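Both blocks below hold the same protein chain, though in two forms, and each is given as structure tokens: structure 1 and structure 2.
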Structure 1
Amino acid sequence: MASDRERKIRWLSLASLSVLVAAAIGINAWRNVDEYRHRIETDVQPGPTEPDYAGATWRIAQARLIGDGRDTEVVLPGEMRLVIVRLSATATQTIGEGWGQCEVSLGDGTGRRWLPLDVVLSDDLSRDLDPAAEPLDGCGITSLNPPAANETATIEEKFVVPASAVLALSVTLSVGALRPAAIAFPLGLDRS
């Protein structure tokens, strides 16, 4: 026959099991939620000032709309337009690996999101538009070699968007370590 003490320990063990299972599920869920938060941009700080983000001060250096025959002679078919965005970042501290998993995208305020063209296509377009100039790196490549403190880097990304969205476009930038925090600037492009 089990003693009272043994019986008490047995019930305590059973009761603690439910607490441990709940704790394990809670910790696992918290880890998953935390991991998910580092992949999304929900805390977007809008411009148009020059915000401090990821160890640098950011501003839009240039935004071009190509495809309607005004910026260049290039006319793209139908609704297709090419948007080229240059962002200038002046480092306020040592960045190191702080720009890892850098993402730049365009949004139109209705939930639609355009991602940049890949590096090869982007460089080909740069050479087509200006054969003499060296193509600028995008955010991902620049993150491997960020500017030193008080130095400035310019990054360039290209996007294919419909003409109907051009007026409402804003650019959003975020880095893996700081997501869901991100910064955004209206592009102020004119399609008329």
Structure 2
Amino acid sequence: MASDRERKIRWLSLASLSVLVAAAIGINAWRNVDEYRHRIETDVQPGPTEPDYAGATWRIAQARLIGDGRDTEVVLPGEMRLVIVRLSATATQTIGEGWGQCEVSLGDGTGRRWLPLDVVLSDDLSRDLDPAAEPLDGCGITSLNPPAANETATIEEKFVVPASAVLALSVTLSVGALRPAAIAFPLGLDRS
């Protein structure tokens, strides 16, 4: 039969195990909350037409609305529209890894948000729209090789949005190192 000392050690071990498990769960939950906080854009600053962010000056180089038959012969069904956004970023400093987890999205001011199409579909659309042109990289791929100081990079993202949201669209840009801070500026598309 186990002695009193062995029983005390067992109970102490069980009690310390439960404390360690609770501490591990608490630490993991804190890390998850902190990671989630850095993944969302809660501090979106509406900027001028060329805001400074993440070591670069950003501007919309081109915005195209496709799907209603005016820009191209392509007519998308129903309310679907393809929006192609080209952003130009001129580095004001050495960026290095500062653009990691770069994200571009469109929003309409009512809380609706659209993320870009995946890379493969985006490249396929680029080839369909202009077979002679080389597809431009999106924000995530450009972040792997950002421009040097005083050089410019062009980023292209494609979005499918409802036609009713076109007039109110704005571009939101954020990078992992600066989140929850992000910048936003109006897209300025016209349906007419």
Partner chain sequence: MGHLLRIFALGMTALVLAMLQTTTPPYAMLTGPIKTAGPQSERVTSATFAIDVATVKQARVLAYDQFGKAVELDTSGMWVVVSAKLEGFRQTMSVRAATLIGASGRRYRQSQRAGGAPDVLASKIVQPGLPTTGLFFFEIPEDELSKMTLVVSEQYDPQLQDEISVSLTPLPGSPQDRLDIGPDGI
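Note that the structure is a prediction, hence the values are computed from the model and not measured. Here, residue number means position along structure 1's sequence, counting from 1. Throughout, rigid core stands for the largest set of C-alpha atoms superposing within 1.5 Å between the two forms.
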These are two forms of one chain. I'd like to know which is the form predicted on its own. 2
Where the core is superposed, what shift in Å does the CA of residue 11 undergo between the two structures? 21.9
